[in-house]
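What follows is a single chain, given as structure tokens, in the form predicted on its own.
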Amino acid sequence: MKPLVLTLRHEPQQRLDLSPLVPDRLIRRTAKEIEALDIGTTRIALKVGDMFKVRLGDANSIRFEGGSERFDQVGAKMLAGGAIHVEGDVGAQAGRAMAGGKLTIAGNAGPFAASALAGGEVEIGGDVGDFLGGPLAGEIPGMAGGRVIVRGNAGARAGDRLRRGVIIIEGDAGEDVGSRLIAGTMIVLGAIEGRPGYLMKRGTIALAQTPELGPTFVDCGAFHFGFARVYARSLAAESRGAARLLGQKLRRYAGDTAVYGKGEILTPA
């Protein structure tokens, strides 16, 4: 079946809350019912029909034709089995608290993308803002599961307090990637800034470029890691660069010993 298509009429003049536009909340709704949903975030009331032309289709597959950096919470709380594709940019908190399904963004995404992600997959074709997968103010753990792939660059503190899951950044990463990592896996194929793995407790950070690490990381030597090679094969379809990185001989640094020292940073030997 053809997807349910939402075509942007014009650039929004306010930020939009697009969290109601997920498959499980649109199934069995008519076009008029979808057009009547509230998406405004200010005192000015705004409905789906004010911003989008709705073309009915299979609500398990939603396609946004046109994007904007004012599209907030696209795919938020999406359940398993659904798919959303955005042909353009999105704003803050894309894919927040998703439990399953797949969110694909052809353009750029704002800050806190994949925040509280619990399952499913988020793929961002362009760049992403700060705190990718990180917790919002007042929250303790960050991303708790699923997989995130960023084809471009990431802002500061990507993977902050990552609890579970995988984040792959094929471009560069901003300051302090993997800060306060609790567990999970991060892979960065481009350049990095600042202090990678700052105060990380456990988990793995794989970096294609060897950074200057602080004294709280301990050089454990270079090895061919069997688990890394097996894991590389599982990532080959999504990111050939990540698969190549994990498939080679790697140098392991244990840390951050300022905390538990049970984490690790892997770089090419």
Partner chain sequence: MPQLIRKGVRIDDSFAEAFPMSGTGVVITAPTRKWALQAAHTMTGFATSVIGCGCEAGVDLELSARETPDGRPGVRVLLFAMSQKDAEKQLVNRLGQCVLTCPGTAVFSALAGEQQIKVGDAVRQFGDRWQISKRLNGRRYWRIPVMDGEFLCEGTVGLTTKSVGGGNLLVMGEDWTSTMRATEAAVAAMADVADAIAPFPGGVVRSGSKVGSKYKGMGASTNDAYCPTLYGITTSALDPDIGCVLEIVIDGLTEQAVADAMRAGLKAIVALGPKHGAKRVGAGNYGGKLGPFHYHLKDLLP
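Positions refer to the first chain, counted from 1. The shown structure was predicted, so the numbers you read here are calculated from the model rather than taken from an experiment.
Note that the form predicted together with its partner chain isn't included here; everything after this is about it.
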Between the options Arg244, Arg29, Arg229, Lys201, which residue brings a heavy atom to within 4.5 Å of its partner chain in the predicted bound form? Arg229
Residue contact check: Phe52 to its partner chain in the predicted bound form, 4.5 Å heavy atom: no
Counting only non-hydrogen atoms and a 4.5 angstroms cut-off, does Asn108 reach its partner chain in the predicted bound form? no
Find out whether any non-hydrogen atom of His85 is located within 4.5 angstroms of its partner chain in the predicted bound form, and reply yes or no. no
Give a yes or no for Asn153: in the predicted bound form, does one of its heavy atoms lie within 4.5 Å of a heavy atom belonging to its partner chain? no
Would you confirm whether the three residues Lys2, Arg63 and Lys77 all fall within 4.5 Å of its partner chain in the predicted bound form, going by non-hydrogen atoms? no
Among 100-108, 178-186, 67-75, 153-161, the stretch whose residues bring a heavy atom within 4.5 Å of its partner chain in the predicted bound form is 178-186
Residues in 120-155 with any heavy atom within 4.5 Å of its partner chain in the predicted bound form: Arg147
